[in-house]
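Look below for two forms of one protein chain, each set out as structure tokens: first structure 1, then structure 2.
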Structure 1
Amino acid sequence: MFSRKRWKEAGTAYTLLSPTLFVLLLFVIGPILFAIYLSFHKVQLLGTASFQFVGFDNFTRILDDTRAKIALWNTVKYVVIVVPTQTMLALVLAATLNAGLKGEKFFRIVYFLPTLTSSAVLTLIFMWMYNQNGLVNHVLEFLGLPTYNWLGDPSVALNAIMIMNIWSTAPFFMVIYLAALQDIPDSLYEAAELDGANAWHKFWYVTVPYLKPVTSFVVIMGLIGTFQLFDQSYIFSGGSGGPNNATLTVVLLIYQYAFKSLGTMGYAAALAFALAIVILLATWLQRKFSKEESLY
């Protein structure tokens, strides 16, 4: 079936690809396969390492794990609120920046700043502002609004993280939108104007449809990013997912099982695998709805 020449060609290609392949196999494909292997075993790494095959036990255990359910529920709640909000905010910010106002470049920098800060530092700064006697509560009090125990009250802790995350990631997607906005040919707007469209019409009937592939990208990236929420809730709760499991996310739970408790590495791998499937499903659903055929 394969001629000698094709074999040779393939050989040369693989030789040239080998550095990349090597890195990919070692750091991406290898670990993925190993994680799948782990998820079917009861693993004890400390001391005498032991791998005991347990079939689907790790997966059935998820169904019986109250904390896993809470973590999934928290994560889903987080995704459902954060992804649409940050996408819309990003679009609105980008549109205002693209409107040709004065000082546009200055605002572009100001809007983008939050994204540049590392999320760990950001979380610490926000925790300080969320403090019971902190900035946020002072502002709320000044405006005559109710104040909250942002860090300690289970019913608002996750919201506090949501607000912070929307604020810090929306600008990143804003930049992507901005690039796409500048791609929209002026002729489209001119044509719309001739048809008697006002600013709102132009935005809704020209800009938004034209940005559909970008929106699709932003939503998928947002989905993946939010499902993987870890560092913020980790720092917020000091690694416990508290108060009362309110900030427990799936990845935080995986971390706890993998590194905090001994001998549950296999179960952690199973949880990670389940999360991958959930993300896959969410992405697939999103693509089904938007019927987008663009490439990424």
Structure 2
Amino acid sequence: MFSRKRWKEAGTAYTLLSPTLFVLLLFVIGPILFAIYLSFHKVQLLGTASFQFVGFDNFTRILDDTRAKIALWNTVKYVVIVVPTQTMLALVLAATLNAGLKGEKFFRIVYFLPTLTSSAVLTLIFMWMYNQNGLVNHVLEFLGLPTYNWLGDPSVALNAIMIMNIWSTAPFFMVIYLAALQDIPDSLYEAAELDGANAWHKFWYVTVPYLKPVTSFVVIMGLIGTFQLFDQSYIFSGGSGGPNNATLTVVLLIYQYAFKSLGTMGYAAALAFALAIVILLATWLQRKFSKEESLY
């Protein structure tokens, strides 16, 4: 049973928390609950707003929606390729910078610059580079390699976004790895050297296991970010998801149904709810398989 003093302390604490709780309720919890509500309704917002309850019809419609299947396949393919690649690249870059090479501070700045650039600006720069007469094709031609229509060929358009995203996000995770690498005790490497371990053995049997909790965090953040791919795909395709739905992602499809089609706001909310479930499931599976999330 709470004493009067403890009730007073609790009341003071909640009073101080009330602005934050109000903002969370208004801008986070409220919209989530409203989106769940919309997903079970056919919504008409133009003219007189109407909400017609349709049960699970919006969710069953997803199973018959060809564009939803294409968007999901594009998103999954993007996640499966980008997350492991950016994670490994970030770890390699961090290990390189942590090796005490000359000009280490300079390279830290250079590597981190892509992360500081606005996503929209970065996409426009890469679109210029991916132009048929752009820098990328000129370099490929100089090296005697085949050139591509990066923006107009459905077989390479999504790959172009992948390359851009890996290049821009790996440095952010590199900084996280770099901070963790500097916490590894030198005694572990000294003990490995006494056992006859070379540089590769020390990296694989000391560094990688020690960084397991950090890798788990990086992968989870990568999963959440890549499943929510929108702005690069939108700018690349002008909002269409083209060419031929090659860059159509789930979030871009949600945007199209919510703001470009009449009477499909409820269906867009159902897609958003389904995507949230997919992200939660992917995160849970990652945590389940990684097993080790704390250092002993």
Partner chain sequence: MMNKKTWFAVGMSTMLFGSVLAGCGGEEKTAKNENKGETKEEQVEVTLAGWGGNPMEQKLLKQTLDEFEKKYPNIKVKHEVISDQYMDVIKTRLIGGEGPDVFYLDAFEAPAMIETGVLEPLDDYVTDDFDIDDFEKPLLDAFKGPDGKIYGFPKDYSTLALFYNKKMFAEAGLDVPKTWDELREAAKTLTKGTEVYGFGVAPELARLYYIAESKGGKVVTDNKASFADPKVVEALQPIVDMRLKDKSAAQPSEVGAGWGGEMFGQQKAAMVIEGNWAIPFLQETFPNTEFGTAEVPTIDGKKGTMAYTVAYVMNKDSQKKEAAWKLISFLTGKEGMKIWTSKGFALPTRKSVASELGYDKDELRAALVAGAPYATVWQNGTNLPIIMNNFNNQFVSAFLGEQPLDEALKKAQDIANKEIEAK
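Everything numeric here is computed off the predicted structure, so don't read it as measured data. All residue numbers here refer to structure 1's sequence, counted from 1. C-alpha atoms forming the largest set that superposes within 1.5 Å between two forms make up the rigid core.
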Please match the form predicted alone to structure 1 or structure 2. 2
Val23: CA shift of at least 2 Å between structure 1 and structure 2 after core fit? no
After fitting the core, Ala10 CA displacement of 2 Å or more between structure 1 and structure 2: yes
